[in-house]
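Just the one chain here, laid out as structure tokens, in the form predicted on its own.
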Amino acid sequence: MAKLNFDKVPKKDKLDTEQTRKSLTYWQDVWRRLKKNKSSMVGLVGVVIIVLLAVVGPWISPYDYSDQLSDYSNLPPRLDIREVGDTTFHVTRIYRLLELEDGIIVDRYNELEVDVINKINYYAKEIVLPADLENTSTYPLPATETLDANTYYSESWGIALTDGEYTFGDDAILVTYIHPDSPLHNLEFEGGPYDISDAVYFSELTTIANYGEANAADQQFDIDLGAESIVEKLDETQFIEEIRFFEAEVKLNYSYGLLNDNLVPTEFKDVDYTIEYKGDESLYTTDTIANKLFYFGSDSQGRDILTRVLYGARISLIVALIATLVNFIIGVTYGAVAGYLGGNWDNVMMRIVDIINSIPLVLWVILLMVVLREVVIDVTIAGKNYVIFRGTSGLGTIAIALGTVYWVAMARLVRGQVLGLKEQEFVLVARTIGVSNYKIISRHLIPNALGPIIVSMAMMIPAAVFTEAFLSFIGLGVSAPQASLGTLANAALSGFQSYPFKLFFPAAMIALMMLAFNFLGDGLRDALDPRLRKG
């Protein structure tokens, strides 16, 4: 063949990337190859974010996992709002009326009347003024003021009341006049002065302390007795602890759905309900905004779902940490000893592993919960008592269950690795020069099997997270009011069709945690296996 049929390859092209790259240690090379795997880096970033949120999130949250705001239960992450005049409202699925300011829920209106037949609800905002006022003067009615025959005036407190009724017909006591010097003018509400002339209805929930005689029991007004009786009691009252009023009524009208289509007025054909307040009326949803009080919504007890999801993630990570430590300490040690000793030792130790592995995890957890239910372990340090373990909490029982059975897979893996490594020349040399079995296992065998061990531990973490969530889901996990992702998912099932967000967020957190750890574990498997090197 002619010489011209060949082209010489330049020397630089003969070297692949493995030959030309800078010399690295084993772990530097692992990190270099791990960074090249995009999915593993996504998983690593996800793991870091989840850990930070689980550790720091519950601390910086304005709520605790057990805080209950019952007035704001079952709120979704996004709120449909109605603007009626200068006031913004949100109506919940269970017909609660909430007021918003700048997109933040500030108050729940009291339900005055529910007309179930006609589907009309009446509400009013209750103003609670912490008075702590003592009767020290009188406030005669000024000559310039004229009150009608149905109005009664209390000179002791400078307030005029008259008999009236709510729109729906119930008796009410209306506030018609406040003396300019009345002590009721100086009261504060939500950090600022409140003008009682804005109030409309006097509430029977107003607390009178030391009514009549000294040391008498606290009493409340009875609206049914009428304005005259209320004024008489006010004149005899020495001290008012707090005073309550209702502002103007809000009317929610759902009756259009009861009418036949031909009877519904044209302008109300596509109206679900109307809101009437201070002469203004709203027919349609104005906007949909984020829930700034509970970003993930609230549960049936008015607890913040975001805080509880973060706390549940913390519980899952604690379980994962326990499983990891148990795997590394017990599983690695047990498997390494069994594989190195071999013979009868290996047979006996592996049969113990088979017996433990044959026990169903759920049955084992149930048995432990029965046995440990009454067990409480506490210590006293510097005069303070700290509970280390409480059998009824659930978390400690799961930790013990995983700690006693979760290491068997790791023991089998390490045993298999050690059986192959102990026949290598470096182990024979170590034996020849008199190195103890302990040092051979700890300094030669386990470090050389570390790659598969790390990969297995990374893969077992999401399995431990799912196991904890599953056990909590079926009622074998942490006890109320503690939050676990499994218990959150279980609690959301009953109202899934009405409140799907309560199941979505804990389920999404479980999925994200498992995906992040699985992506990271898959990348570690590729990076730690020298046979998968591709430069």
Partner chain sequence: MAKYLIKRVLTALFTLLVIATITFFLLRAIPGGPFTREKPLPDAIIRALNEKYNLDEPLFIQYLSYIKGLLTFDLGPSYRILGYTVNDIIISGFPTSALIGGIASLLIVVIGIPLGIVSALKQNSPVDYMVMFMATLGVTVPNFIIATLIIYIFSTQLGWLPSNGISNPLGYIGPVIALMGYSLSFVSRLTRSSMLEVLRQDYVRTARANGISERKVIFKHALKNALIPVITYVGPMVAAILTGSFVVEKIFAIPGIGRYFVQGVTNRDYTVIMGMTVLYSAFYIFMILLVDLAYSWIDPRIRLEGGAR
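Positions refer to the first chain, counted from 1. Please read all numbers here as calculations on a predicted model, not as lab measurements.
One more form of this protein exists, namely the form predicted together with its partner chain; it is left out here, but the text below deals with it.
When you look in the model of the complex, the only residue of I104, L363, V348, L428 with a non-hydrogen atom within 4.5 Å of its partner chain is L363. In the model of the complex, its partner chain sits within 4.5 Å of a heavy atom of I510. Interface residue remark: Y65 is not counted as part of the site for its partner chain in the model of the complex, having no heavy atom within 4.5 Å. Contact check for I474: a heavy atom falls within 4.5 Å of its partner chain in the model of the complex.
When contacts are judged by a 4.5 Å heavy atom cut-off, L493 counts as touching its partner chain in the model of the complex. The stretch that touches its partner chain in the model of the complex, counting heavy atoms within 4.5 Å, is 464-472, out of 57-65, 23-31, 36-44, 464-472. Contact check for I359, A489 and Q497: all three have a heavy atom within 4.5 Å of its partner chain in the model of the complex.
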